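For reference, the chain that follows is the form predicted on its own, supplied as C-alpha cells.
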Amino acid sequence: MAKRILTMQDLSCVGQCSLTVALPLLSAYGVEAAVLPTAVLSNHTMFEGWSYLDLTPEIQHIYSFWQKNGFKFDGFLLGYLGKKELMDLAEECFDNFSAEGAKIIIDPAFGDNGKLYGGFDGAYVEAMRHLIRRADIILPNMTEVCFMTGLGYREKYDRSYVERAIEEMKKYTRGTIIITGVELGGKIGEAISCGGEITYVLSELLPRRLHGTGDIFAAVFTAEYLNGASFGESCAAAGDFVADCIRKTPTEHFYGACFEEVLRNKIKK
C-alpha cells in the first residue's frame, strides 16, 4: 500500500510553489497525497498584486468530516503556514489523524537571506519554535535556524558555525535536524543531525536562485524518505532534482523553477 501523506500549506493558483509543487511531486513518487490548503491565492507574491482567501475558518469543518470517515495519515509535510492559528490546528491534526508511526516533517518556511518573509514577526517565529517540538524531521534554512535560536546570522560561515547552529536547535526539537541550503567550500547542500552524528550532503553550487526550490526539495525529500531512503539518500535525491530544475528553467522565467520536464523525465525512467 502506498503511504498516505497530508501536506498542509497554501495553494497559489498560478506559480510553482507550495501545494502546486507538492501535490504532483508526491504523487509521481508513488505517495498518496492528501492536501489541507490553508489559503488560496490567485498567484504567489512574486507577481504584482494577488488575491488571498483565508481558509482557516473552514479547517475545523474539514476535520469533522475526516473524523466521520476515519481518515489517518502515515506522514505530514508542513510548509508555508502564514498564521500562528494554523499551528494550533496543525497540532490538532497530528493528535487526531496520525496513523501508527506517522512521521511529522516541518519546513518552517518563514525567511531567507537573513530576513523574515513579508508579514512575519517575532511572534510567528516563537510559535514555530513551539511547533517544531512535535517534528520528527525539521527542514529549516540557516536564516530560520538563526531566528529560532537567536544565533547571529552570517552570510559566510564554516562547519563550526553550522554545528553550533545545530546544537542550538536541539534545545527546541528532539527530531532530526536537516539544515538546507548550507554553503561550504563552494558547494551547497544539507547538514544532517541524527543520533548525535552530523553528516553533510553537498553538491555543485549553481549561480542562480529561484522561487519555490525549497518547496520542491521538501516534497522530493519527503517522498524519498517515506519510500524507504535514508536521510542522506533523500537529501541527495532532492538536491539533484532541484539542481536539474534550475538548469531547465529559462532565464526569462522569473517566478519559479520549471520542475515539470524534470519530473516527466523521471517518470519515463
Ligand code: PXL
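Residue indices: 1-based, along the sequence shown. Keep in mind that what you see is a predicted model, and the values were worked out from it rather than measured.
Unshown form predicted in complex with the ligand; subsequent notes refer to it.
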Which of these stretches, 240-248, 226-234, 212-220, 57-65, has heavy atoms within 4.5 Å of the ligand in the predicted bound form?
212-220
Since only the chain is shown here, I'm wondering whether residue 17 would be in contact with the ligand in the predicted bound form (any heavy atom pair within 4.5 Å).
yes
Tell me, yes or no, whether residue 31 is in contact with the ligand in the predicted bound form, where a contact means a heavy atom of each within 4.5 Å.
no
Check residue 27 for me: does it contact the ligand in the predicted bound form (non-hydrogen atoms, 4.5 angstroms)?
no
Considering only heavy atoms, tell me if residue 97 and the ligand come within 4.5 Å of each other in the predicted bound form.
no
Only one of 117, 153, 71, 157 comes within 4.5 Å of the ligand in the predicted bound form by heavy atoms, so just point that one out.
117
Partner-free chain; cross-checking the ligand in the predicted bound form, the single residue of 76, 147, 80, 124 with a heavy atom within 4.5 Å is 80
The ligand in the predicted bound form - contacting residues of 23-50, heavy atom within 4.5 Å:
41, 44, 45, 46
